[in-house]
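Heads up, the chain below is alone and in the form predicted alone; it's given as structure tokens.
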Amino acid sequence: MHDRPTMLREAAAILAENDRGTYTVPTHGLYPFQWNWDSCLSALGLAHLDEDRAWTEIETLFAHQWDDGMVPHIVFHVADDGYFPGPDVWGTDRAVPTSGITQPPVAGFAVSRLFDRATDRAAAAERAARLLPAITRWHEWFLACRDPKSTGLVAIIHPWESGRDNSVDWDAAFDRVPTDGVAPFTRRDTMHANPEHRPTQAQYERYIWLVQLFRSLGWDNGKLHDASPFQVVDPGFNAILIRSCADVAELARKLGLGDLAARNAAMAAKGAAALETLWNARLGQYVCLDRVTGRLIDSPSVGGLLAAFAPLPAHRAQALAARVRALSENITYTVPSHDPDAPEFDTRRYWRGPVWLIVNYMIADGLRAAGQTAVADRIVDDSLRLIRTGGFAEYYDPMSGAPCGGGRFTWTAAMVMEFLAQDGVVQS
């Protein structure tokens, strides 16, 4: 799979395989439902094949938005006992079952990008105008339920919300989460993927303890933040929210939706200013904040580099580009999910070292917008080299390029289509 047209055909085939009509699954077996940020990023790839289908992907997700504005991280459209934890564990009591937590809010960014590239601008404007109020409600939900002291930055209350489930960033804060009273369970993920590539059993027990806690509180988002022993402000998560708010504001202005534009612009501005409180000068990148202790977390993960996705001051984008270059000296493929020089670095265990193409895409997109084109090009080139060595995997060993996790992965295929579009291999 060395030539780009072949790569494109294979990516399109994977999107078709994982298409369930109105939503995509991330991959067969391991992830049999609709995931929130997977769907929004996958829509970008779908748009190269069928623009209508791309809009439907995001509309399907938002059809399951909660009354309070939250968009859940999983929608269980069909029964499938091949995944744990399933609807019975979440117990959210919805007509179509969903999980009770959320995920990085990339929807605003995705809708803006779909609109900008639309061949039928009038149809795109109509669909965007229907989605933007719902996306804005989600953005405002974050500030109401995950930023109770109005700092401008939101916290995640479960590692799964970050999308970076077992990141080193969470280790110390996660140690506060007990495991007493966790009901016995059988994991399904390790039946589909190598256990050495997945989070540990001890981590899973803490994941489930938090789910049980939140369920005991009736999934009341007015209570969950303060009740959780795990409250972490993630710069990558917040950068995605800031970028989506900024993009929605710009799109809303184009569509004449002045109130939505003003509300999102205000959220983006406040978040961008607050993001500076997470800068670590020694590491040359942003880091997480443990909101429970009030201390920054000294962990050099890709979450701090993902901040490049937000509109940053030029000197910060330049510093993050330098940080990516420095990391590139110690690995074969950019960008590792953790610093290879750190003792916790693990080349194949989920978010403790491997490379993820969706993160590469967002970092490269932000750096390119900031004028850091050389580093952005390096990230894109490495991403495509990984496809040649490891196929369309969930993630990759940054040293060898070996595929890890699930195979024939939807959002990996979608990101490849995006990368190839930049080189003119597909028409955007």
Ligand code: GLC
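Given the structure is predicted, the values throughout are model-derived calculations rather than measurements. Start at 1 with the first residue shown and count on from there.
Below, we refer to the form predicted in complex with the named molecule, which is not included among the displayed structures.
Proximity to the named molecule in the model of the complex, taken as heavy atoms within 4.5 Å, picks out 162-170 from the listed stretches 144-152, 162-170, 118-126, 84-92. Each of Asp38, Trp351 and Glu394 places at least one heavy atom within 4.5 Å of the named molecule in the model of the complex.
Checked against the named molecule in the model of the complex, the candidates Asn221, Gln103, Ser299, Ser112 yield a single residue with a heavy atom inside 4.5 Å, and that residue is Gln103. When the named molecule is considered in the model of the complex, Pro26 lines it closely, a heavy atom lying within 4.5 Å. Interface membership of Tyr31, defined by any non-hydrogen atom within 4.5 Å of the named molecule in the model of the complex, is confirmed.
Of the residues in 405-420, those that come within 4.5 Å of the named molecule in the model of the complex through at least one heavy atom are, in sequence order, Phe409, Trp411.
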